[in-house]
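Coming up is one lone chain in structure tokens, specifically the form predicted on its own.
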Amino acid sequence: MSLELISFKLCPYVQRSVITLLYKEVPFDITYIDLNNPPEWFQEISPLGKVPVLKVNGAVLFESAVINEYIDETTGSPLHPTDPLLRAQNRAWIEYFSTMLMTQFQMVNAETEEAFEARKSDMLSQIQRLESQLGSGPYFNGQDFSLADTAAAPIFTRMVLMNERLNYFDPATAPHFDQWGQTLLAMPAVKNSVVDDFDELYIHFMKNMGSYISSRI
């Protein structure tokens, strides 16, 4: 099976799929594009004009949750829970993590202090709701690493860089959430899921958004 992942270096949704591929030790190629100036061939194969796109022996899949489930179903031991109810609950939380990623982006993109504070409040509320869901870990489902973990890890990758500069999250207020994040960030599959200069690129991205936080980074 030939797998090619089409990526943008800062995209958290692509990172989800890279984590899954790396964790399951699946060989793949990755092609980076500039989403601000996408090549014509990409526009032809991506119905939504977004990454990730996964080419499977030439066929095309899009949307990170769909891509991850395909990878999971066709390679190695499954990362999705076998129990139908728990699997459905995990799918629902994966959507919740997508909402958190959007809130995170809105924090970066907020044009005014008022807008930033509103999005920060949203993020902290989302963290607290998640904190009440988490047990003793180390993963979302306890002892078993899952696709829910691959979907959440990009939140922490970006959160560390943001919080070092904006100091908006106190780990003591959500210890289970914080420990879960530390566990994920220490995993080789997560560490190696971004480009070597990711930190520099993401900081540059935040500084050059022309948003409220650009002057604070």
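Start at 1 and count along the sequence shown; that's the residue number. All of these numbers come straight from a predicted model, not from anything done at the bench.
Keep in mind that the form predicted in complex with a small molecule is not shown, yet the notes after this line are about it.
**Q** Which of these residues, V51, A174, M159, A148, gets a heavy atom within 4.5 Å of the small molecule in the predicted bound form?
**A** Exactly one residue meets the criterion: V51.
**Q** With the small molecule left out of view, choose which of L35, I30, A189, V56 has a non-hydrogen atom within 4.5 angstroms of it in the predicted bound form.
**A** Only one listed residue qualifies here, and that residue is L35.
**Q** Classify N68 as contacting or not contacting the small molecule in the predicted bound form by the rule of any non-hydrogen atom within 4.5 angstroms, answering yes or no.
**A** No.
**Q** Going by a heavy atom distance of 4.5 Å, is L21 a contact of the small molecule in the predicted bound form?
**A** Contact with the small molecule, no.
**Q** If we define contact as a non-hydrogen atom of the residue within 4.5 angstroms of the partner, is D178 a contact of the small molecule in the predicted bound form?
**A** So D178 does not count as contacting the small molecule.
**Q** Verify the contact flag for C11: yes if a non-hydrogen atom of it lies within 4.5 Å of a non-hydrogen atom of the small molecule in the predicted bound form, no if not.
**A** Yes, C11 sits close enough to the small molecule in the predicted bound form that at least one of its heavy atoms falls within 4.5 Å.
**Q** Considering the small molecule in the predicted bound form, find the one stretch among 164 to 172, 22 to 30, 58 to 66, 180 to 188 with heavy atoms no farther than 4.5 Å from it.
**A** Going by heavy atoms within 4.5 Å, the stretch is 58 to 66.
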